[in-house]
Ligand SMILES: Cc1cc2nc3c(=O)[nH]c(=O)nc-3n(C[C@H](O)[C@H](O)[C@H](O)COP(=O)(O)OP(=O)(O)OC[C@H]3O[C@@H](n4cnc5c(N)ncnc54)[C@H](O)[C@@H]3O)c2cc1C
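Presented below, as structure tokens, is a lone chain in the form predicted alone.
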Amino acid sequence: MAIDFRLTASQRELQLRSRKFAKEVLSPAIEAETLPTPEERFAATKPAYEAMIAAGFLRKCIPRSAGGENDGLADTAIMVEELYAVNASVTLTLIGTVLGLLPLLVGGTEDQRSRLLPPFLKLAGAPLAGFCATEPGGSANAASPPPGEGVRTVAKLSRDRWIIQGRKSWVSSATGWDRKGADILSGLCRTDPDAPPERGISVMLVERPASGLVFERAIDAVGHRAHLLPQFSLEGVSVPRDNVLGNLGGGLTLTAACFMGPAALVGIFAVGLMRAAFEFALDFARNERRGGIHPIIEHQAVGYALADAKTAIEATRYLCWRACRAVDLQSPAAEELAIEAKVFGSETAVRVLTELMRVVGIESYDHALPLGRLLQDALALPLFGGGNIGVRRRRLHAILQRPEYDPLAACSEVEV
């Protein structure tokens, strides 16, 4: 993607194919969000998720070097915008699975990848993976040294097995379709209680079936109503000694590497939600008179609000594309741009959704219209994928504090 942001022919084809799939398959699946319980809603999305797998969208998120069809995060962003704009819940199940696979893709050995990735490369089934980082009570201070608790889930080595004890929450699809666990869980665990956090925390592979994985409850989340976010315990879960991903004790470094790209995708989530809301509000303003003579789009206040919303959408999209491209090129500015895309995009979405609801008026507060649902989904964006206050701004602050930090580096690189 050059600086003019034109899509390649293959990217345009991916965009149109994703848009068509979203309209035909994901749009009808929104009905799942009306069911009574979180687990019923999640289960009702399984056919749509299976169709997504069969259409190759998970393969499109796995690098070609690992047997998939992904050519970079920029392509993922183009695809995800189309899917998420129509059905945030099912799309988050897909991306949550990709996040769960990232420790394996980034830190796994060739043997681990060849053994565990094949089910995720097939064009069939409904495979799930989850990255088990967050714990009840929060994990913003995962790296806290004593007397802070940091990561509370513990893995102890007993002969040739790791025995895991702890609790996790807010992990996409972690307990699977049947409460018995996703196909693969990547769990952040304390493996050396006496070592400093940067050397005492590791990522463990937990394969299904995992005896000792105990479902506690499905969180009844405000948004993403048909996406499963469970709270669960790991009670003596036993995994082989060689199920450590990356270096033993290097879990925090591996986690940071895995969460960089997804930060930019949260910004793309924001674009998808704003876009869906804008399209609805624009059509509403063109056709509704609200008891007056003219369509309300002819009123300056409405026109200005729509103009501001569209400007925010375009600004967020291009910042996210820039961040994705930087990640693809392994640019020194990639982390900074990814965090900025996440923070700016997520907070902009909440503001823009609220303003577009004002354009529509009180009827936007009715679930018969989509704006309330879109706002509910948007409220999660500043909070997950590393909260903007507890994690993302803190990390950006640390980048700015570096003595060698160059404030112009992010806009001065030369692509060769």
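Worth saying up front: this structure is predicted, and the values here are computed from it rather than measured. Start at 1 and count along the sequence shown; that's the residue number.
Omitted from view is the form predicted together with this ligand, to which the following refers.
Participant: Considering non-hydrogen atoms and a 4.5 Å limit, which listed residue (101, 80, 229, 266) is close to this ligand in the predicted complex?
Facilitator: Only one option qualifies, and that one is 229.
Participant: Exactly one of 343, 285, 133, 313 has a non-hydrogen atom within 4.5 Å of this ligand in the predicted complex; which residue is it?
Facilitator: Filtering the options by heavy-atom distance leaves 133.
Participant: Looking at heavy atoms inside 4.5 Å, which stretch does this ligand contact in the predicted complex, given the options 358-366, 376-384, 49-57, 30-38?
Facilitator: Contact-bearing stretch, as computed: 376-384.
Participant: Could you confirm whether residue 212 comes within 4.5 Å of this ligand in the predicted complex, counting heavy atoms only?
Facilitator: Output for residue 212 is no: heavy atoms all beyond 4.5 Å of this ligand.
Participant: Indicate whether this ligand has at least one heavy atom within 4.5 Å of a heavy atom of residue 321 in the predicted complex.
Facilitator: No, residue 321 stays farther than 4.5 Å from this ligand in the predicted complex.
Participant: Consider residue 141 of the chain shown here, and say whether it contacts this ligand in the predicted complex, taking contact as heavy atoms within 4.5 Å.
Facilitator: Flag for residue 141 set to yes.
Participant: With a 4.5 Å heavy atom cut-off, would you call residue 370 a contact of this ligand in the predicted complex?
Facilitator: No, no contact at 4.5 Å.
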